[in-house]
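Next comes just one chain, in structure tokens: the form predicted on its own.
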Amino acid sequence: MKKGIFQEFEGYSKIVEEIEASRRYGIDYSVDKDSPEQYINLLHPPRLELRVSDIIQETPSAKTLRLVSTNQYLPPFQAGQYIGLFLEIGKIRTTRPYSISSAPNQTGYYDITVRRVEGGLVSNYLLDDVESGHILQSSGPAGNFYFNPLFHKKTMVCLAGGSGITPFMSMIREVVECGLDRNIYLFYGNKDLDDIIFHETLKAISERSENIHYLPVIENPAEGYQGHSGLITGSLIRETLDHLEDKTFYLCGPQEMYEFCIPELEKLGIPKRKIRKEAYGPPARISDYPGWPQEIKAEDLFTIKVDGHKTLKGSAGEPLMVTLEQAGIVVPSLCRSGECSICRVKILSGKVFQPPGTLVRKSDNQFGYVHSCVSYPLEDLEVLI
């Protein structure tokens, strides 16, 4: 008999065994069959309360925060997903997504790895002020940046930049610890060797594992450095890999990396359906983006009227969400990258700029809704939250 497609999923046989064991020992879940909400909330809780159990110094500019649940339960996640932290820093309530860098096969903690961002409100708070024992609020695991056995090739080519290593670290740990039938080629770009997150761990894993291949690429190498240098180019990928057609490509890093690496992949003939890009926050310099009106400067100020009564000032180069948060107005959010759509607000009057490729629903476009995390005022606005 031909197997059903669901039987090809990883873990299928284990689930079948658990069902058979439940029947054998008389476990009966029928009393809960009419109340699915409790099971949905276990898998997709609206909020988690997490305690910082340990802080690990990874590099001079990066730390890993190990987070455990205050009620001894953490929902499962897929390697590559993130959690959104809900934070109150001074008078500002805000959120930030952080990819989970620990493996999904252990259920005792989530690791998030934070690298300092110059002038970064949240990164500086997490690195300088948060200590072991602190309680943090977060969302449940979310995101679509993970391996899908139905559509993705078993050989993964991962291109990471800076703190974009975190989802790949989770994927690599899962492959190694669970003995999964996948090969991973990791091209990891950094400015200098001393600030590579997980460098020694990745070296050790690649040395003992035949299916993990670690290739650090240093932009500004010290004299005498023998490894790969410069940027992650199509030529480097071609020199390293054969048969590009049987591989899926994953990218996670700053916007500048995407702008360089995606065209390099396209030059190699990689079709778009085989390129997966993780959301990585709003652009650092939105005024440099294609389509930005040249007559508008990033520092130009506009009036923003909120819900018909509160009026504030916002600059063209700052996301609308950030302006609202600084004024004490909380907008629900999760990814902060223009993908999840949770932060939608309605523009009643005025114009905003959104980067090309922002995933706005057709109905939102029709009725004037925008993703406030990647919307920039181009004139005076009236906004409904």
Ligand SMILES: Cc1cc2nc3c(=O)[nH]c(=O)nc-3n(C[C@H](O)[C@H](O)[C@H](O)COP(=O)(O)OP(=O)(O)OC[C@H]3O[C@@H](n4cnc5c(N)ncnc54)[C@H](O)[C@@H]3O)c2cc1C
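In this text the structure is predicted, and so the values were computed from the model without any measurement. Quick note: we count residues from 1 along the sequence shown, nothing fancier.
Separately, the form predicted in complex with the named molecule exists; it is not shown, and the next lines address it.
The stretch from 112-120, 169-177, 231-239, 263-271 that comes within 4.5 Å of the named molecule in the predicted complex, counting heavy atoms only, is 112-120. Contact check for residue 276: every heavy atom lies farther than 4.5 Å from the named molecule in the predicted complex. The named molecule in the predicted complex comes within 4.5 Å of no heavy atom belonging to residue 75. Although the partner is absent here, residue 183 lies well away from the named molecule in the predicted complex, with no heavy atom inside 4.5 Å. Contact check for residue 322: a non-hydrogen atom falls within 4.5 Å of the named molecule in the predicted complex.
Only one of 155, 255, 124, 206 lies close to the named molecule in the predicted complex, with a heavy atom inside 4.5 Å, and it is 124. The single contact residue among 216, 282, 140, 221, judged by any heavy atom lying within 4.5 Å of the named molecule in the predicted complex, is 282.
Residues from 135-165 that approach the named molecule in the predicted complex with a non-hydrogen atom within 4.5 Å are limited to 163.
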